[in-house]
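Below sits a lone chain in structure tokens, taken as the form predicted on its own.
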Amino acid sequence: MSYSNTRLVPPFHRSPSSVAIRAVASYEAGVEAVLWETLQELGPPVRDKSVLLKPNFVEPDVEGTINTHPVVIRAAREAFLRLGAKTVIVAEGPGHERDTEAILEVLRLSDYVGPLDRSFVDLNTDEVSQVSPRTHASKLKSLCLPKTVLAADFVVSMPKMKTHHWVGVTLALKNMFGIIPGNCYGWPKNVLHWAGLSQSILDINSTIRPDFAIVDGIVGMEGNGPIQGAPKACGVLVAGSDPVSVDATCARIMGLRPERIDYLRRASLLLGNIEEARIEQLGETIGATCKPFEMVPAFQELRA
């Protein structure tokens, strides 16, 4: 959602949300067809709009368990173009690695989306504008946001399904940390940590709420995530237009109670639905796809 259109909606004024869970055995198992079918069913309104795909790129990873897989990014890009999007770009500001080009080279992203000078924007070095956050949960008085993000008509958060050793899980909402430019906030964007992680997640997403989320849970990460955990073959893609509902659904698939995740509970007050009864599940059921993730000791209480 563009910055000017982001709205805060309390639960009593909010409609139910739809979230699709799709079983995908591997990255070679027809991701493009599955995602195209899913987007046709959910119908994101992208015709004639500029679409920005925000994956989760953290650091070079030859094992493929840290970053959003490029097969999923390619499938999303092609599907949004088929739905009539005017343009589709990939944009990210990695949180750990200053050398974004090194991450892209290891991922071989250009093999999947074409020449990067036309299809990728490094948000860590993009021009910025200073804006006021729409909530004030953290100590941040303002946000410096990339002009590429502010200009986009339609923002899609595309995280990897992972545990996180500071906030429990990192999914569609936490993934939006990557729009915060390293040139302004440093690496690993410690200003956000000092301002309060959960609170910063709320302030960023209340200001630029993703219009859509696609979670790469084909192979996720459990244990000491988001970079030192173990691969977790979960075999799902999870998608929807309410990022809070998408994250809540992913948490349930991971064997967790979303209402016990502090930033998700906060986000449910103004940004989206967290209650299972308010989420229409399409495709697979949570019960059929649930594969409990290992958690670090500090977050054992999140388990269902």
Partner chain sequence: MARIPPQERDIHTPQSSFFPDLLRRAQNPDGGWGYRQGLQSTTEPTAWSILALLAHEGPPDKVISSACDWLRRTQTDEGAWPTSSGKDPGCWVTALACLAMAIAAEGPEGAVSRGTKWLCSTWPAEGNLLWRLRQLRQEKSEIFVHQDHSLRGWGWTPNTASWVEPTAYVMIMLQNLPPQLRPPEASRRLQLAERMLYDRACRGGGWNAGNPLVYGVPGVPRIGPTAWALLALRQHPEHSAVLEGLGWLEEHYQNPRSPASLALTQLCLKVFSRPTRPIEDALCDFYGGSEFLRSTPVVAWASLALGELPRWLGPSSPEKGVI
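Since we're looking at a predicted model, the values are computed, not measured. Residue numbers count along the first chain shown, from 1.
What comes next is about the form predicted in complex with its partner chain, which is not displayed.
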property: In the predicted complex, the one of 74, 232, 165, 134 near its partner chain [non-hydrogen atom within 4.5 angstroms]; result: 165
property: Interface residue in the predicted complex among 203, 153, 126, 222, criterion: non-hydrogen atom within 4.5 angstroms of its partner chain; result: 126
property: Candidate site 102, 121 and 188: all three near its partner chain in the predicted complex by heavy atom within 4.5 Å; result: yes
property: Contact test in the predicted complex: residue 87 vs its partner chain, heavy atoms, 4.5 Å; result: no
property: Contact of residue 81 with its partner chain in the predicted complex (heavy atom, 4.5 Å); result: no
property: Non-hydrogen atom contact residue 286 with its partner chain in the predicted complex at 4.5 angstroms; result: no
property: Its partner chain contact in the predicted complex: residue 277, any heavy atom under 4.5 Å; result: no
property: Stretch in contact in the predicted complex with its partner chain, which is absent here, among 103-111, 210-218, 172-180, 153-161 (heavy atoms within 4.5 Å); result: 103-111
property: Contacts with its partner chain in the predicted complex - residues in 57-80 whose heavy atoms fall within 4.5 Å; result: 59, 60, 62
